[in-house]
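Here's a solo chain for you in structure tokens, the form predicted alone.
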Amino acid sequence: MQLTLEFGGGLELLCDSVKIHNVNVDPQNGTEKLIMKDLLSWVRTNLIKERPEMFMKEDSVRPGVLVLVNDCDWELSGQLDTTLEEKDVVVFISTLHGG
């Protein structure tokens, strides 16, 4: 499944400073649908190059990371159970800034 993943607010630093990734992700366990929980696991394994604890806590994103699926907050679509479709755009933005 082709997806576009975008990282902002400093999260791109965990992915070799690359903000936009066009990726192919296969659904896990032989299922036909891909859900956000599976995508997050894939991102941790394949894209995060350092300090994955800054992006994820257990099976979800850390508090302070805004997740948008096609410009819609994932909290409105089921969070970890959000079903992804071909060519979806998933954006991860850190809302926490030092100062």
Partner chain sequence: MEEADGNGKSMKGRGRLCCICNKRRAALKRPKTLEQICRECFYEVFEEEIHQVIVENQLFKPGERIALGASGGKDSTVLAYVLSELNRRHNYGLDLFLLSVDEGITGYRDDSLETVKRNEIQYGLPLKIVSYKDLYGWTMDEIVKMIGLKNNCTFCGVFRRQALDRGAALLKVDKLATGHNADDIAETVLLNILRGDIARLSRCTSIITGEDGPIPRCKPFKYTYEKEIVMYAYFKRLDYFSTECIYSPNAYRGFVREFIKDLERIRPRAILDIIQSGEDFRISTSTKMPEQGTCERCGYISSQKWCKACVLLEGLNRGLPKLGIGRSRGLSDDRKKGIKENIGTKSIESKQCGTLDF
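Worth saying up front: this structure is predicted, and the values here are computed from it rather than measured. Positions refer to the first chain, counted from 1.
Below: the form predicted in complex with the partner chain, not depicted.
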*Any chance 14, 16 and 38 all have a heavy atom within 4.5 Å of the partner chain in the predicted complex?*
no
_So in the predicted complex, is the partner chain close enough to residue 62 to count as touching (4.5 Å, heavy atoms)?_
yes
_the partner chain contact in the predicted complex: residue 69, any heavy atom under 4.5 Å_ = yes
*4.5 Å heavy atom contact, residue 57 and the partner chain in the predicted complex*: yes
*So in the predicted complex, does any heavy atom of residue 50 sit within 4.5 Å of the partner chain?*
no
